[in-house]
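Given next, in structure tokens, is a single chain: the form predicted alone.
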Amino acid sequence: MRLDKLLSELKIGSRSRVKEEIRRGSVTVNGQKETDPGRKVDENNDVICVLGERVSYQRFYYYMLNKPAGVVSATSDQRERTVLDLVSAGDRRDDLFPVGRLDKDTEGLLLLTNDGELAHRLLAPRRHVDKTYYVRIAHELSEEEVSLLEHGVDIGEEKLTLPGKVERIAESEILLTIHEGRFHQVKRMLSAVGNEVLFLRRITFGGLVLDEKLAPGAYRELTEAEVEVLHEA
């Protein structure tokens, strides 16, 4: 990778600012002053310092966001505020994107990353990655309705949904675990059994659990253990 490209990706400064710093002699590679912005470096093995401080290259970034209602799960939108608008300038990257989508009015766990391969695996239909939602509904489910949800329901598509798992936590509150990512799936599943979703929050995704300390709109970087859980999912 070019030295100037590496340093700009590390948020040392804009590409033009980084070139200026390199030509000024502020950067060393393996202990030697480097003044050529186009110098090819090994981002994983070369020791690169700026003004005497070593910088480290990170290829992939993973953030857990507690998505609030009112923002869309997109990288950009002409009219709506997006989940990437919640990311601070210091953490913002051009290649960062949300893994999958949560409806505009849905809250909860959303993964932001630039790891396209991992995102593809997590979203691949054949992998059936678990997603658990806290759902507040219009009225209590009957045993028959729970059974229908847990065996698969008709939401107007060619195939029934895969069997879900329902856990009652209050009269009109459930935890619903599904293994697909169809459009408005949770709302359509509850509608299929004659109910209505009043509030929806995703609390798990692929073994990742929403951090209760994250307020709506807040995010944090995943731990190494959490990243490993996603790879295993």
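From 1 onward, residues are counted along the sequence shown. Small disclaimer: the values here were computed from a predicted structure and weren't measured.
There is another form of this protein, the form predicted in complex with uracil, and it is not shown here; the text below is about that form.
Figure note: of the listed segments 96-104, 154-162, 117-125, 80-88, the one touching uracil in the model of the complex, with heavy atoms no more than 4.5 Å away, is 96-104.
Distance criterion of 4.5 Å from any heavy atom to uracil in the model of the complex singles out L200 from the list V29, M64, L200, I203. A heavy atom within 4.5 Å of uracil in the model of the complex is found for one listed residue only; from V186, A192, L208, I174, this is V186.
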